[in-house]
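Both blocks below hold the same protein chain, though in two forms, and each is given as structure tokens: structure 1 and structure 2.
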Structure 1
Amino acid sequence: MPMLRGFLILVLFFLLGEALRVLFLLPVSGGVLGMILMTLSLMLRGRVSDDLATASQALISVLVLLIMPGVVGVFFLASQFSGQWLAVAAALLLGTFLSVLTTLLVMKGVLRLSAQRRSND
């Protein structure tokens, strides 16, 4: 029962997110809106109930199962994108290399700056 009660809370937040999306014509998915609302409500409440913890752990532990049907599509629909493989491969490999480099350099730089400022104070 705790799991189902927690699941109901998750479903209600998801439905709330979907309702807001449709109501305000938002380009963001109902799941993401529900997640933001969930995080905000937990910050207000200050703690996670046992029901919610049980249900969310159960769902998160089977995330791989939930995304599998989407991955299967790669093998059945890939031929649609033949002729664009070079663009896709370059975007994924070079793009990821550059974005990892950017993340590391920016965060390292800001950490160093804020450490310097602290030592100057």
Structure 2
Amino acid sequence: MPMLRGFLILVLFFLLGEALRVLFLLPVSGGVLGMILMTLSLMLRGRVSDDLATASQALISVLVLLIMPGVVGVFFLASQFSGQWLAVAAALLLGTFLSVLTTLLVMKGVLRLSAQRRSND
């Protein structure tokens, strides 16, 4: 039952993001808007519920399957990228580098905060 409640929370945030996208005609996917809203609500709350953590762990194990449709879609749109491969490759490389750099900085910050909390206890 906790996993079901967690999935319900995730779907509700997704639907809320989709509703905002349609309502305000935003050029961002509803999933991204839902993730931003969920992140803000978790930051305000200060913790992640057990239900949401359980559902998230289950999704992480199939993350590749969630990404696959977007990757496959690129092959069907390959003709539209003709003449723009350099820009696409540069965007992919820069995006990957920035993602790895951001992850590194966040992880360093989390480890620093964790070490401070342990030293204060």
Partner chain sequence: MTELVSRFIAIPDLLAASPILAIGLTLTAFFVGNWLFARIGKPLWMPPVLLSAVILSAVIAVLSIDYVRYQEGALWITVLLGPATVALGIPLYQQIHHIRALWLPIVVTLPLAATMAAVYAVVIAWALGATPEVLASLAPKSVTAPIAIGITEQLGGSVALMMGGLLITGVVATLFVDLLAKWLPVEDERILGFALGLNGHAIGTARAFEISHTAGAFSSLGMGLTGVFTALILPLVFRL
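Structure 1's sequence is the ruler for residue numbers, which start at 1. Note that the coordinates shown come from a computational prediction; the quantities given were computed from them, not determined experimentally. Between two forms, the rigid core is the largest collection of C-alphas that superpose within 1.5 Å.
Only structure 2 is derived from the form predicted alone.
Superposition on the rigid core between structure 1 and structure 2 places the CA atom of residue 96 2 Å or more away from its counterpart. After superposition on the rigid core, the Cα atom of residue 105 is displaced by 2 Å or more between structure 1 and structure 2. With the core held fixed, the Cα of residue 27 is displaced between structure 1 and structure 2 by less than 2 Å. At residue 78, the distance the Cα travels between structure 1 and structure 2 is 5.9 Å after the core is superposed.
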